[in-house]
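Next up: a single chain in C-alpha cells, the form predicted on its own.
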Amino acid sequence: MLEIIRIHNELLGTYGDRGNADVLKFRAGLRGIKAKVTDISYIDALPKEGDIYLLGGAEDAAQMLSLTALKKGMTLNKAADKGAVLLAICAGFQIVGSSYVTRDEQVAGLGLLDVSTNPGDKRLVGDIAIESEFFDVPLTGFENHSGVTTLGTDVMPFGTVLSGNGNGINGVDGAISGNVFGTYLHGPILARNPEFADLLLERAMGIQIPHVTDEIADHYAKWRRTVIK
C-alpha cells in the first residue's frame, strides 16, 4: 500500500493544493497500484513511514504554525533522508528551505532544500508556465506569493519560467534535491500536470510505471505542447 501523507491541510490548504493527494491516488489506481491518503493535522505526530509527503500553500501565520509543528521531532527530514518523496508548494516550499523572511524576522526552515526566501517588492499573481528537464511538455499553474527565492549550490531549479515569475529571480521556478521538490505552482499542480504525478509515483516506488490512457489528461498535455511557447 502506497501511503500519501497530506500534511496540515487545515493550515496549508489555502490554494486547493490538497487536490495533489487525490491526483496521486487516482493515477496510482489507473495502474492497479493500491494507495491511501492520510491527513495529518498540525497537532498530530507525523507518520515516519510515508511514501509521499505533501505540503501546500498558506498565509504567514499558518505557515509559521506548520513549520513549528514540523520541527518537533524533525520527522519529515528523517523521512526525506531515507528517500521518501516530498512535494512542497509555495509556503511549503519556503518551509522546507534554509530560511525565509517575514515582515518581522528571519525564520530558519527545515533545511531540506538549499534555498532562502526574502520579501519581494510586489505580489506575484497569475498564470505561470515552466519548462522542466523532467518532462517533454511545459507545466502550467497559478502563482500567488510575494517571496523571492534564491537557490544555493546544493539544489537545481525545478524549471525555467516561460511565462510568469516563479522564484522571482533568475528566470527559474522551484528547486529540487534528491526526491524533494519545491515549486510555486498551484493548480493544484498535479491536476494540471499529471505527468508530474507519475514522476512522483515512480520516485516513491523505485520503478518505472507503465503509461496509461487518461483521456482528459492526455488531451490537456497535447494542448500544452501546441499552444504554450
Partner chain sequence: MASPRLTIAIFLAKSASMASRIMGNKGETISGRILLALEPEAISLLARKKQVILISGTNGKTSTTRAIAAIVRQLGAVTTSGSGSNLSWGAAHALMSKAAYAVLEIDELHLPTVIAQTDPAVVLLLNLTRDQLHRMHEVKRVSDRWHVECTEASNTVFVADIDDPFINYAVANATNVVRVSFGGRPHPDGAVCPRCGSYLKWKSGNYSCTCGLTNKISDRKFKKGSAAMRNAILANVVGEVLDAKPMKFKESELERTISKAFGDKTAHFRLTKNPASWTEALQADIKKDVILVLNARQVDGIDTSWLWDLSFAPLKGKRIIVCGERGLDIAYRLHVEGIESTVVDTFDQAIVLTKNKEVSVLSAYTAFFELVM
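Numbering follows the first chain given and starts at 1. Everything quoted here is computed from the prediction, not taken from an experiment. C-alpha atoms forming the largest set that superposes within 1.5 Å between two forms make up the rigid core.
One more form of this protein should be noted, the form predicted together with its partner chain, which is absent from this view; the next part is about it.
Consider the chain as shown here, without its partner, and state which of A35, A191, I176, L162 has a heavy atom within 4.5 Å of its partner chain in the predicted bound form.
For this set of options, the contacting one is A191.
Pick from A62, V172, L199, L46: which has a non-hydrogen atom within 4.5 Å of its partner chain in the predicted bound form?
That would be A62.
Does its partner chain, in the predicted bound form, lie within 4.5 angstroms of each residue among M74, L110 and F158, using heavy atoms as the measure?
Zero of three within 4.5 Å in the predicted bound form.
Would V125 count as a contact of its partner chain in the predicted bound form, using a 4.5 angstroms cut-off between non-hydrogen atoms?
Close contact exists here: in the predicted bound form, V125 approaches its partner chain to within 4.5 Å, heavy atoms only.
Is G50 close enough to its partner chain in the predicted bound form to count, meaning some heavy atom within 4.5 Å?
Answer no; every heavy atom of G50 is more than 4.5 Å from its partner chain in the predicted bound form.
Using a 4.5 angstroms cut-off on non-hydrogen atoms, would I207 count as touching its partner chain in the predicted bound form?
No, no contact at 4.5 Å.
Would T68 show up as a contact with its partner chain in the predicted bound form if we use heavy atoms at 4.5 Å?
Contact check for T68: no, nothing within 4.5 Å of its partner chain in the predicted bound form.
Hey, of 142-150, 76-84, 129-137, 93-101, which bit sits against its partner chain in the predicted bound form at 4.5 Å between non-hydrogen atoms?
Only one stretch passes the 4.5 Å heavy-atom test: 142-150.
Mind listing which residues of 1-21 have a heavy atom within 4.5 Å of its partner chain in the predicted bound form?
Result: E10, L11, G13, T14, Y15, G16, R18, G19.
Please say whether, between the shown form and the other one, the C-alpha of A221 moves by 2 Å or more once the core is aligned.
Yes, shifts by 2 Å or more.
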